[in-house]
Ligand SMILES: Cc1cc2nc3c(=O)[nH]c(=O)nc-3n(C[C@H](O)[C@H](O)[C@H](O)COP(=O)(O)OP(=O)(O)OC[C@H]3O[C@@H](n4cnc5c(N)ncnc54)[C@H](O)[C@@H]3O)c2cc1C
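We begin with a single chain expressed as structure tokens, specifically the form predicted alone.
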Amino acid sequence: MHFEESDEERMFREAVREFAQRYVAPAWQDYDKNHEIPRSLIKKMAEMQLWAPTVSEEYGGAGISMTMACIAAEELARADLSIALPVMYLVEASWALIFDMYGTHEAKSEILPKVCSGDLFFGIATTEPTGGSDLVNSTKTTIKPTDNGYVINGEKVYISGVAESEKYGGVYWTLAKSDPKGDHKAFNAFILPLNMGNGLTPGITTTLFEDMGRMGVSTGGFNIENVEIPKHYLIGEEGRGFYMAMEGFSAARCIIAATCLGAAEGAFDIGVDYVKQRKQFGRPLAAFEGIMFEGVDSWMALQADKLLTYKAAWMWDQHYIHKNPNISKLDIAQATAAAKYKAPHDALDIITRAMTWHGAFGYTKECPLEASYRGVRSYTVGAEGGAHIQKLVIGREIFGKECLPYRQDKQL
């Protein structure tokens, strides 16, 4: 076992931390109020090769490992307690990576350089009005072959970056079924161009939702009516979309865990500084055991989450980069699900404690912790699979596929 970062990883962390504290920390409260991350900040990230940095160098990325992707997410979230910018970052870093792994050279050459330069938003759109986690039964969007490509019909909801894509340009890693009644083998993955920089794609109409947190990045949905895409926009082989989506979820869950870890660390630091300085009854608040012991609980949770998150990232790198035969995709799915479940829930507890330490001030908009609470809360209720879905993924590997509840229903 080796718990020390490499020299490259340490230097990378220092560079991202310097960037985040210089450019992100002073800006996030403004874009939390204005509901839009400045394009100039995204461009600065692109100049630092922090926009879709997992994409290979051939297409404009930095080709960094999952471990380094998580380091960047952690440092960005420590600087942006609302986690709006880290949300945009993690979508790019995870789903653009899966596109890079399985997309056609023609499509990647057309799209990924614009993504890495910050000119195109790269999103993920799998959730539909009838559900998100149960992809097989809830997906109604269809994909049908034509003479020149494919035609898509359906609807996607609760999708990040819809307003940004409509305004500046964006594409989505998307799933649809070749047969509406088909099982997981009926899924195709493809690139859906929402706006390639010259206006909304004909046949697509958008809507927006107002979330309680992560205000700097939009959430919305879109209807897809007879939208045609070229053949080279198909990702991977026909019928393999579901499997690639599962790999994408593993990547995203790992980076989500790192994001929540960073936000929790930032909130913890603020809380510790406050209770060391704030005095009541003639002594610092930290000198009261009730507060000190809560702080100890928070610290221990942070250490556990960091180990779990970076173990999952290490496993990803071992499988995909180092070709370690002892670590499978299912092993990675279990590890990333555990990290994605635990880190957000622990972060919410840590932030809540820090808010409580601040008393009435912690419940005001002037206190930065409330924005962190609103942002992290999103990852305890959904995004890349709801909380209970993570436990199903973990339980599948512990007890076996035959014990999954939806398989029991079929047997009955």
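Residue indices: 1-based, along the sequence shown. Model, not experiment: these values are computed from the prediction.
If you look for the form predicted in complex with the named molecule, you will not find it shown, but the lines that follow are about it.
Peer 1: Which of Thr219, Thr141, Gln334, Asn195 has a heavy atom within 4.5 Å of the named molecule in the predicted bound form?
Peer 2: That would be Thr219.
Peer 1: Only one of Pro38, Gly382, Gly359, Gly63 has a non-hydrogen atom within 4.5 angstroms of the named molecule in the predicted bound form; which is it?
Peer 2: Contact residue from the list: Gly382.
Peer 1: Kindly indicate whether Ser133, Ile159 and Asp211 are, all three, within 4.5 angstroms of the named molecule in the predicted bound form, using heavy atoms.
Peer 2: Each of the three qualifies.
Peer 1: What stretch, of 96 to 104, 211 to 219, 269 to 277, 289 to 297, brings heavy atoms to within 4.5 Å of the named molecule in the predicted bound form?
Peer 2: Correct option: 211 to 219.
Peer 1: Just checking whether Leu392 would be counted as a contact of the named molecule in the predicted bound form - the rule being heavy atoms within 4.5 angstroms.
Peer 2: The answer is yes: Leu392 has a heavy atom within 4.5 Å of the named molecule.
Peer 1: With a 4.5 Å heavy atom cut-off, would you call Asn188 a contact of the named molecule in the predicted bound form?
Peer 2: Residue-level check for Asn188: no, no contact with the named molecule.
Peer 1: State yes or no: in the predicted bound form, is some non-hydrogen atom of Ala125 no more than 4.5 angstroms from a non-hydrogen atom of the named molecule?
Peer 2: Contact with the named molecule, yes.
Peer 1: Classify Thr67 as contacting or not contacting the named molecule in the predicted bound form by the rule of any non-hydrogen atom within 4.5 angstroms, answering yes or no.
Peer 2: Result no; Thr67 lies far from the named molecule in the predicted bound form.
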